[in-house]
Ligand code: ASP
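Quick heads-up: it's one chain on its own, the form predicted alone, in structure tokens.
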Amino acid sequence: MIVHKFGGTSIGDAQCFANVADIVIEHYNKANVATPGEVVVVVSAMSGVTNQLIAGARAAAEGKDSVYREVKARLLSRHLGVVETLLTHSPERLEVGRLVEDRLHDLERLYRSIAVLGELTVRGCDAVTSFGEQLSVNILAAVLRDRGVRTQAISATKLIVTDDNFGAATPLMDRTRQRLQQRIRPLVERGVIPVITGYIAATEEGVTTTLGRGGGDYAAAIVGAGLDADEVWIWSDVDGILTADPNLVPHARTLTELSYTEASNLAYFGADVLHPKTVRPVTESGIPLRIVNSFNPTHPGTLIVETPSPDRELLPAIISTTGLTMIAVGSEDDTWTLQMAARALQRLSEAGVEVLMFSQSFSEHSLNLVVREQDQAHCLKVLRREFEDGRQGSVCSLGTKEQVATISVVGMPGSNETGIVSHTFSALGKHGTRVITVAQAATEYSVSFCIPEEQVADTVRFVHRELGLEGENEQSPGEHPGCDQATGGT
């Protein structure tokens, strides 16, 4: 059995849905040669949908009715457009179209409830963001049925049991495994393809939770472990884990084989194609994980196993993240303390704002925070409520410093005898990159730094050359005819 997980960019529009359906059917037919129905599918929301859902919820909490209604209208148009394009002459069209409309009416009612309360809790945010996956799984299942394949759309809220840590719930694996074996295994044995929502889950009491940003990959790994799958395949829009973002370095090289530990390190440094928690369930079960490209399905991608081949080439990877902003909170005198910094981080965590990097400088009496641009307004609102209500004396000054990007260079033990960190800093100095802040673990194999966003493309290309990573793939990733290259999804 292989669990196939498709991310948001893989189902970005109608053509991409059709492409995914082709991939699923091809693998299903291959599986049928040996044992019928050895395919399970896990699906994210369409690209960008989760961010739109969150934006609508935050607007509702601020009483901006027209904003959340516009979000609902855009989502309705986008999803119905896919249904109309792919199921024009299908008896599935009316049923799936009604389901999309009904679910988005439910979303609007939830938005209205948030508006009445005037507050968006993390639990409420989980309820809102669950809608994206619910829509995409039903559309994909209908497309597959229209092509003659037996499928069933299933919400992971009925399968993955978690604690009540809303926003980043932890699965209860024994209970989850029991449900997967009881509800999914019989479908698979009958030759039915289960199409399961990624990212979302539920408590024992049935309250919707989420597994955190990028939790669709994590959900697929949980499903794979619970079903004792042979492999888990994560389908994205690049040829596996690469030495750099192919949109910045067109001939970035694929890391063909990694250990579980190496892949985990790359994920924690921000590799977009792999969620940090994804590796854990497959590691515990010894299940191989493969990262592959839904727009170039013949490419072998990156294989992640316990013990990689000793003959593989060891290469460092450059991981870059854009669309970020730096926010400073502090005081203009000596009243800023470590306790205040801790309080700021705690409040942001409670509000569901992910801080990608931070630096504490007492010479500046401030805490610098790197967050995503879409979280900027919400972050400022949370910090303003905590520190600018007069309770904290002269604290605080608060504001946005600049638009930034982060770059991490992650090496593998044995890949660079001269030391990847010193080599990277030498390259930055040679290129004249302005480094705003640095984060480094107690290792010579990795380093992260924050730089102005406008410098990220040239810096990544220069460092890639300086580290001797120039090479050519069979096909330049990122060029996918017929599908929009949107970003986002869970």
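A quick note: this is a predicted structure, and the numbers were derived from the prediction, not measured. From 1 onward, residues are counted along the sequence shown.
This next part talks about the form predicted in complex with aspartic acid, which is not shown.
Student: So, A45 and aspartic acid: in the model of the complex, are they within 4.5 Å at any heavy atom pair?
Tutor: Close contact exists here: in the model of the complex, A45 approaches aspartic acid to within 4.5 Å, heavy atoms only.
Student: So in the model of the complex, does any heavy atom of G240 sit within 4.5 Å of aspartic acid?
Tutor: Result no; G240 lies far from aspartic acid in the model of the complex.
Student: Would K381 show up as a contact with aspartic acid in the model of the complex if we use heavy atoms at 4.5 Å?
Tutor: Answer no; every heavy atom of K381 is more than 4.5 Å from aspartic acid in the model of the complex.
Student: With the partner left out of view, is G215 within 4.5 angstroms of aspartic acid in the model of the complex by any non-hydrogen atom?
Tutor: So G215 counts as contacting aspartic acid.
Student: Hey, of 215-223, 186-194, 78-86, 298-306, which bit sits against aspartic acid in the model of the complex at 4.5 Å between non-hydrogen atoms?
Tutor: Of the options, only 215-223 has residues within 4.5 Å of the partner.
Student: Under the 4.5 Å heavy atom criterion, name the residues of 135-161 that approach aspartic acid in the model of the complex, in sequence order.
Tutor: Heavy-atom contacts to aspartic acid in the model of the complex: nothing from 135-161.
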